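Just one chain is shown here, as structure tokens, and it is the form predicted alone.
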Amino acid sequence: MLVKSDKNEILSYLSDAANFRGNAEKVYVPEKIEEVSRILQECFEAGTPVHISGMGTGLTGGRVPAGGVIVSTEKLNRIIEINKTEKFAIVESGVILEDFHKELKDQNLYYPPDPTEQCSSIGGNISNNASGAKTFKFGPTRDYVLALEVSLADGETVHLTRGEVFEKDGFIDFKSKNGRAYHIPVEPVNMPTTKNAAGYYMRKGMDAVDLFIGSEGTLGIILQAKLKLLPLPEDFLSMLLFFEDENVALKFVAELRDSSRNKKNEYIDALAIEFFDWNSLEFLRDDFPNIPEGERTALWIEQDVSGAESDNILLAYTELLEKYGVDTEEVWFATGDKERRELIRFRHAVSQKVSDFISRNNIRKVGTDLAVPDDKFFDFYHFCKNGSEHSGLKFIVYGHFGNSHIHLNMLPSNEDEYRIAKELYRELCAEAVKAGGTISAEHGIGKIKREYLKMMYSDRDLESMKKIKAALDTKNNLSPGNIFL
């Protein structure tokens, strides 16, 4: 096990991709999962706060410490088993998502969760119930977690397998590997039906595994996970469409979303529907000079296909493009892996450029992670856009519009603009909650969004969540400051 205490050595652990910063005394880098339990036991007995660090790709300050020590999972990076017959994998929490995807592809297997940050860790993805573009068809990380091994705040280790332990009569009961019993109070709360990564998952009859998914390191450190896999699709149809009229693009989204979900066309079944506004295109133009002039909006569409259906699928999309007046000469089609990687690079470049901007200006990120019900989404989008235009701030809009999920990034260049951005952010969060949505669809709450969680949940609901925390972490030792004020 490595232990780092030199200030220069630990500096990279003290911030995240949102430019949120903190401090810590030292960083533990365990190389075996058994070492994690020993660290936690010692810190629990001493009352030393422990913060969990994955790869630092988070956007809410969740891994950023406020004193105490850090446990980094970077060396817990073994892929223990890939079972092609039963289609599952067992991995340690520090496995990098991109490495995992590459290993699976070589074995014709597929793990659908696909957050933008491919250098994120599996443990970090589980801790935040990460999702990404492909959530539209395949769902978030939660849907692929079959079992977890977790080290609790007191150093005890628990192994939970989906389908074995459930909430019953208001409690979840399980024992650690050493036989210690845990009696966890669970009072169901009214969670939004949209994509959601805000607060603990609390439903009547819920599986115990779901308690730890999306808990942002506050209930335990994920050591290993058993993950469900799918067969690797034969191929993908990937395309970037450009529209002169944003409203036409939004109508296209609505029809494609409806056709895919309700199977109105047997050959259309999109797995991702991603949106980029005019400001996003201008933001990217230096890196992608072949973006057509005069286009106001772009959509990235992707669908998995089999060879037998590829011609019919392409024909169905061609007819849809013609219906909405899309100039097929300007469509970027991916006809192989190289072109598809370029479209994926386009999709991911916009968020990276936002991160670069806030780093250059030394300003914390002000970006929404809001989702609302489908029937409220287009009105909500216009509310967000109009508010941003009236603020006078520079901003860009992109996001997972198939999931009615918007990333509106305000780009303040000084402290005065930052304050304006924060005021607008609060208004947008309030409007999302009013529409029955969430303030955090995929990034979690961390330390940055704690005050907004009170918009979503009543005091009673938040107290119910805190009771879960208290039952598993009696000293509030793990990731203190995450989720709750």
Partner chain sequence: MKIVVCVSHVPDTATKINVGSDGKTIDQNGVTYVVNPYDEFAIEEALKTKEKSGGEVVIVSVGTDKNKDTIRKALAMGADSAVLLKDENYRDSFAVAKALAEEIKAQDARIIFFGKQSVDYDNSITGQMTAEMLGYNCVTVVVRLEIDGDKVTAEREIEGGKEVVETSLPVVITAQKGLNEPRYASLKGIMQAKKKKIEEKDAAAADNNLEIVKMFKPAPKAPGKIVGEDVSAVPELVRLLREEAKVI
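Just so it is clear, the model here is predicted, and its values are computed rather than measured. Positions refer to the first chain, counted from 1.
The form predicted in complex with the partner chain is left out here; the points below concern that form.
**Prompt:** Is Asp311 one of the residues lying within 4.5 Å of the partner chain in the predicted complex, judged by heavy atom distances?
**Reply:** The answer is yes: Asp311 has a heavy atom within 4.5 Å of the partner chain.
**Asked** Does the 4.5 Å heavy atom contact test between Asp169 and the partner chain in the predicted complex come out positive?
**Response** Looking in the predicted complex, residue contacts with the partner chain do not include Asp169, since no heavy atom lies within 4.5 Å.
**Asked** Looking at the partner-bound form in the predicted complex, is Thr318 within 4.5 Å of the partner chain by any heavy atom?
**Response** Output for Thr318 is yes: heavy atoms within 4.5 Å of the partner chain.
**Item:** Contact flag, Phe357 vs the partner chain in the predicted complex, heavy atom cut 4.5 Å
**Value:** Contact check for Phe357: no, nothing within 4.5 Å of the partner chain in the predicted complex.
**Request:** Answer with one of Asn178, Ser306, Thr335, Asn414: the residue that has a non-hydrogen atom within 4.5 Å of the partner chain in the predicted complex.
**Result:** The option sitting close enough to the partner is Thr335.
**Message:** Under a 4.5 angstroms heavy atom criterion, identify the one residue in Glu246, Glu187, Glu339, Asp374 near the partner chain in the predicted complex.
**Reply:** Filtering the options by heavy-atom distance leaves Glu339.
**Message:** Quick check for you: of 320-328, 154-162, 357-365, 251-259, which stretch puts a non-hydrogen atom within 4.5 Å of the partner chain in the predicted complex?
**Reply:** Correct option: 320-328.
**Message:** Pick out the residues of 8-31 whose heavy atoms come within 4.5 Å of the partner chain in the predicted complex.
**Reply:** Contacting residue: only Glu9.
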